[in-house]
Ligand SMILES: Cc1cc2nc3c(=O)[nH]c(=O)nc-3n(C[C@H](O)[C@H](O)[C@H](O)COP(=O)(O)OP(=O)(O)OC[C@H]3O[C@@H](n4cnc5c(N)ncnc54)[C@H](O)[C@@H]3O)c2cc1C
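Starting off, we have a lone chain in the form predicted on its own, written out as structure tokens.
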Amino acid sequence: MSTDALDLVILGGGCAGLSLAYRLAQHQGAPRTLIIDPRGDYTNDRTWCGWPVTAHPFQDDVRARWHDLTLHTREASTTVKSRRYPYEMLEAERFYSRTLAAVEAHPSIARMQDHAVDVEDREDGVTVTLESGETIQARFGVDTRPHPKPLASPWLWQDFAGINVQADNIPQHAELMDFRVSDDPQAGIDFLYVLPYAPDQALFEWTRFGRPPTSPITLQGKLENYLETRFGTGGWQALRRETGTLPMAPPTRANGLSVVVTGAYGGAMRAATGYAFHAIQRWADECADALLKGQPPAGARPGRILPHLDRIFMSTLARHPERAPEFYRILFENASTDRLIRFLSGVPSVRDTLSVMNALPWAPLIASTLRQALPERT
């Protein structure tokens, strides 16, 4: 496909960029679109999880689903159940295969392996300068690339190291958060995440909420030590590894004149949860619908109320990291499960939001709210 007279340029060919391109590729009259991404090969480098509160086109690619999820603290364990919203896991390999095949088959959508070094955003269009020296012109742009910046309080980084493990005695129940592994809340809020997807296989992931970000080598070491203790030396095999860092924070950039931003760094991810995949799917539906109608692309819309609630919750975690396990346990014990799932997924009703707020201890939340409302002392 010629890159002349493009309607749309998508910067970044990850989850957000390919989710949008996949939807456009379902229509013969799709806008002339170019995806720019530096990677040459796509590998099975990510696992996405969450609740399918709204439908998405990748249901056939779900690796496993769980109706029961358990949360452990040193004091107690609680299990929540939802028949309506099973927790689901997708591996990047299947997602990439489906989306890339759709893009390759469409005459008006193409990929280019390159790195965008400059983006000129004007009212009448977008000019992207590539590392190769080539320039690309398009009427609109969608920027899904990560734009990391240092985070200030109360925002945290979510760092994780995961290993797909094969072993005997794999647990058969999904464990969403196991805080019993945490030994130093001041270093970060640590928990283990276990998702069994076969009788002898499970994804084990060590996650830390903290600031500054933690080296993935540190978290991999903690996870391997845990697996050695749990299964014994030589008692487990690593089938696959992944690491990642996500900002539990507001978007680092705003929409421009002809370029909108989205993705994990662009407002598609709930700051207080780190769940992104299903929110990205909702954004991709909305953005593709606008483009197919000949309208400008839509950026991610975090909403008006949830960002305020996220700030209050994150402020509370920052002030009381040692109480994080207690807060999550109380939340899962007291809130209606389906209401909590819709809240965590970013699509709560007013009653869902009130249910979740009532489930949490009020005193620390009110203190965090007042600290934000009152002027800081100098």
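In case it trips you up, residue 1 is the first one in the sequence shown, and so on. Remember, predicted model here, so these are calculated numbers, not experimental data.
Note that the form predicted together with the named molecule isn't included here; everything after this is about it.
Judged against the named molecule in the predicted bound form with a 4.5 angstroms heavy atom cut-off, the residues T54, F58 and P297 are out of contact without exception. For the residues G188, G274, P154, P251, the 4.5 Å heavy atom test against the named molecule in the predicted bound form is passed only by G274.
None of W48, Y328, W66, F313 but one reaches within 4.5 angstroms of the named molecule in the predicted bound form through a heavy atom, and that residue is W48. Looking at L176, you'd find every heavy atom of it more than 4.5 angstroms from the named molecule in the predicted bound form. A residue is said to contact a partner when one of its heavy atoms sits within 4.5 Å of a partner heavy atom; D352 fails this definition for the named molecule in the predicted bound form, lying far away.
When the named molecule is considered in the predicted bound form, I36 lines it closely, a heavy atom lying within 4.5 Å. Contact check for L20: every heavy atom lies farther than 4.5 Å from the named molecule in the predicted bound form. Checking 23-31, 318-326, 335-343, 40-48 against the named molecule in the predicted bound form, the stretch whose residues place heavy atoms within 4.5 Å of it is 40-48. Residues are counted as partner-facing when one of their heavy atoms sits within 4.5 Å of the named molecule in the predicted bound form; in 150-172 only F160 qualifies.
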